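Coming up, as structure tokens: structure 1 and structure 2, two forms of one and the same protein chain.
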Structure 1
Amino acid sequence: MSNQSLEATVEPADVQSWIDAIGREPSAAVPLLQAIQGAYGYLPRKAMDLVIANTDVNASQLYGVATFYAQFRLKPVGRHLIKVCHGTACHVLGADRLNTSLNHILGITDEEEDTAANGSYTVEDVACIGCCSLAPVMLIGEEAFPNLSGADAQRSLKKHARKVKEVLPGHEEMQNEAKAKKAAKVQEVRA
């Protein structure tokens, strides 16, 4: 999948304001990265380059911090974030099956990718959600889905997609067909 459509538009003035507020020294690297990711959902290359050019943080330091901490993302995220817990209880009770099922329904086949081709959802593994008694569990946004099997994870994702009017990859044609049938019924009733 090309993430170009998900790429953020970086405003240099915003990045400069964070640098001015947080600082230019190497110890400012983490807070600057947090500000950037807070605004864009990930760390756009352009924003990182602006930090390197306008602070005392060099490229290896900044990218070292960005790749060391799991909280930072170098790739854009989808419109909705799915967090799959891989804490001990969730791992033992089948968190990997949740990932497999979610990746399947989202059409994510490349191990290097975590976002559906249409930009709808990103699947992210997290160390612990804090719901061990509900294992295995995933979050979509802030909503928890507990005690899941792989099939349950897919059903929960479909339910979420309907609720937020999101289209799952591969379902665009089915959704268009359903709209066409609904429009035909409306026309039939009017006639």
Structure 2
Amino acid sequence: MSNQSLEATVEPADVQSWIDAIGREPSAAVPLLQAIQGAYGYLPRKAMDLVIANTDVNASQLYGVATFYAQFRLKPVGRHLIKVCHGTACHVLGADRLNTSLNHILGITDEEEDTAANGSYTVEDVACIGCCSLAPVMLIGEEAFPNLSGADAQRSLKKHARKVKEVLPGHEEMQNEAKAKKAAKVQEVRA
């Protein structure tokens, strides 16, 4: 799937304001990238170019850092990011089930794909997010959801989607399926 529709529009003035606030020395690289990603959800090429042109961070350092750390992404992602923990504590309590349930409700069927077709959510596997006593855990954005079963994960996502006004592609399908099943049953009973 191409995520072209998700490309961000970069305002040079915004990037400049972060540089002014954070600094232009090489040690500013990580905080600058964090500011950019915080605003756009990923690191747009144009914003990267602006940093390279206007700070003491050179291209090799900036891209080196951007690709080293797991937090940074060079490609657009869904409007909301879900992180499912697969650290040992979450693993032994069934973290795999969360992925299955989330992919289902998001209508993600292709194993290689991690973003819903409508660009709403991206599901990412991470290792330990430091809430191990609440395992299994996922984060939607910055919010942690503890002690999840597969059904809980779907429920939390539905609630979140209602709040931020997103459509869950798989959910519609699931509802349609359920409706069809019900209708078939009614037919059966009638017959």
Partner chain sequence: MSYKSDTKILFKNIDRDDSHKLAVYQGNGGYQAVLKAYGMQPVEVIDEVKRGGVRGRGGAGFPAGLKWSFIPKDDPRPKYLVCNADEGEPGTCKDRDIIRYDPHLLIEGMAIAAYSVNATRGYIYIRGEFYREAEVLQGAIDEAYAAGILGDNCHGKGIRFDLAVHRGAGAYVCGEETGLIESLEGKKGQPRLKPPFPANIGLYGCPTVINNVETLASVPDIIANGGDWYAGLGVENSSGTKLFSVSGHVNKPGNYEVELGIPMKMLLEEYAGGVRGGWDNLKGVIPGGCSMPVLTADICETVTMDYDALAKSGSYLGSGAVIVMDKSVCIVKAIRRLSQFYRHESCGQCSPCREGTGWISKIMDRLESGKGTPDDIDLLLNVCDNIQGKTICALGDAAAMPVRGAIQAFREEFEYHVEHGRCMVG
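Small disclaimer: the values here were computed from a predicted structure and weren't measured. Between two forms, the rigid core is defined as the largest C-alpha subset superposing within 1.5 Å. Numbers follow structure 1, counted from its first residue as 1.
J.: Only one of the two shown forms is the form predicted together with the partner chain, so please name it by number.
T.: It is the second structure (the form predicted together with the partner chain) rather than the first.
J.: Core-aligned, is the CA shift for Q71 between structures 1 and 2 2 angstroms or more?
T.: True for Q71: a C-alpha shift of 2 Å or more.
J.: With both forms fitted on the core, check whether the Cα of V57 differs by 2 Å or more between structures 1 and 2.
T.: V57 C-alpha, core-superposed: shift of 2 Å or more.
J.: Once you line up the core, how about P146: does its CA shift reach 2 Å between structures 1 and 2?
T.: No: P146 shifts by under 2 Å between structures 1 and 2.
J.: After lining up the core, report the Cα displacement of P44 between structures 1 and 2 in Å, one decimal place.
T.: For P44, the alpha-carbon shift amounts to 6.7 Å.
J.: Align on the rigid core first, then pass along the CA displacement of P26 between structures 1 and 2 in angstrom.
T.: Its C-alpha shift, to one decimal, is 14.0 Å.
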